[in-house]
Each structure stands twice: as C-alpha cells, then as structure tokens.
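Given as structure tokens, the chain that follows is alone and in the form predicted alone.
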Amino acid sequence: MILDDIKKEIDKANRIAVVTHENPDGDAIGSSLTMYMALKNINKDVDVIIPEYAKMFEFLPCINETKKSSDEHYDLVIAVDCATEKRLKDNNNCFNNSKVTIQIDHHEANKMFADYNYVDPVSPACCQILIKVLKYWNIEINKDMGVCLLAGIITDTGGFKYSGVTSETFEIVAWLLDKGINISSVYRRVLQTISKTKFELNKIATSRITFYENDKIAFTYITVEDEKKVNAQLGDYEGCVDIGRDIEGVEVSIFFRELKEGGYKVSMRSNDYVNVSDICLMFGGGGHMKAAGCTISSGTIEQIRDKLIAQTKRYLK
C-alpha cells in the first residue's frame, strides 16, 4: 500500500521538510503544522516552511516554529494540500532538491507530481485525510494537532456547509470534541471573526458585483490600489468570492484579485452543477468541482472577465 511505502521513506529520512501551496488557507496551514508535529513526535528532525500566512491563523499551535524559507537539501520533502508543483512557488527549489518527494492531497485536478502520491479527491479537506493517515501509521494525534486539523476542516468545508462534507467529517469532529478541543472557539477564529480591513475589502467587492446570463453568474474584483487604500493584510481578500455565490439565483461566482506583479488571481465558486475546476483548468489552474482558481497574467480585467464568462456560459443549464 502507498501509505506503507511513504512511512518507510519517512523512517529512512534524517532531515525532512513539510511544505504547502502559496497563499496558504486554513487547510494548507493546518495540514502543514499537523504533519510537522506528527513527525516531531516520532523523533524526526523536521522543518515546516510557510513563507507567509494570514494573521487569523496566529493562534494555531507551533505556527511560531515555521520557517519562511530554506536552501537546505533535505532527505525528504512532504507537500500537503497542493495540487500542482507550480503552486509550491517559493518552496519549489526546496521540493525539487530533495532526495525523495511525497505529497498528500485532496484536489481532483492533482498532477501527481511527487515520487509518492497519496490523493483522495473525495475528502473535503486535506486535514481530514491526515487523520486517517496518522491513525494508519499509529501516530498519536494530540490536542495541539487536533486544533490544527479542525481549523483545516472548518475552513475547507466553509463551516461544514459545502456539499463535499461527509458523515465521516462529522464523526471526526465529534472525535476531536471528545479530545477536549473547543470547536466553537476554533470556528469563531477562522470563520466568524474578520479584521476591519477585510470588512472594508468585502464592502468594495460587494459594491462592484455585476450579473451576467440572467443573473446566474456574479462577478466582482479588487485591485492593488484597493488593498493599499484599506491597508489590507495577507488573506483579507479570502471570502470575497463567496459574496456572489450566496446571492439567490447565482450558480457561479467569479472573483478577481489584481496581483502586484501583474495579472489577476481568479477564484471561482459554484452552487449546484457547474464544474468550475474544468473551467479553471483551461486557464492553467484547477481545484475542486465547486471551488477552483487560476492565475492569468496577460490582458485587461475586462478581457479576462469576458473570457471567463464565455467559458462559464458553456456550462450553464
């Protein structure tokens, strides 16, 4: 079994690094920190490399032990919650210079880019996969790891409201509750409490929403200038794409964030039947059926918007 092979590589390795995708969300950070603590608990010499993260995740255990970068050549690098090697971005060299590479992920459009790939696209969160993995390896999941795992599950399921949530998800949450983890506290920190700057960005994005195709498509955006204006921090733009999706009658929500280096980060969400991952794949991205994204580096905002909407129209009933 692949998990047995992965465990053998972990047992052989002396120096290990754990990495994840750029602009990490709660599932990426929760998975990274959990894997880091798990490896430390079996006496491995391990680094967890997260170049940057949003302020909202500062409460997570061991986050102050993360490294921003590393030029070291590791025996083994484990990527978590990352569908493509390209999305490792700042951690690409670290990953490629490793003797052995492993990835654990849940994205449908995963490129199977490591030497050993454990991918479960049915799981709504990478953190949910890690619980099964660590139990299979007989590695104890302590309370600190449980907090990180819960943060990842809550963020990637939208607070248990997305369709990918399974009965197993709730069984896992009940199990974490029995371990003494304050679920309401974690939920509030990662989903309900927003900074004033995030509130201001949401206001801007809301004021710009426009509708297409009989109101089945909602579109909005924020610019670099908007972020400067409100003094936005990393992650303050998270959730802007959900504003459009939550409007009655909308099937697909499209959100653009202008990048400092040029181009736009595109986020797409759907409600019932449109596979936004297929649409994003056409533009070099991917993700899940109802939550996906891509980066488009050339064209005006109007040109890129029109291309995305043209492709999305093909999927509407």
Ligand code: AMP
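These numbers come from a predicted model, not from an experiment. Sequential numbering from 1, following the sequence displayed.
The discussion below concerns the form predicted in complex with the ligand, not included here.
Residues of just one listed stretch (263 to 271, 55 to 63, 42 to 50, 29 to 37) have heavy atoms within 4.5 Å of the ligand in the predicted complex: 263 to 271.
For residue 257, no non-hydrogen atom is located within 4.5 Å of the ligand in the predicted complex, even though that partner is not displayed. By the criterion of a heavy atom within 4.5 Å, residue 87 is counted among the residues contacting the ligand in the predicted complex. When the ligand is considered in the predicted complex, residue 107 lines it closely, a heavy atom lying within 4.5 Å. For residue 291, a non-hydrogen atom is located within 4.5 Å of the ligand in the predicted complex, even though that partner is not displayed.
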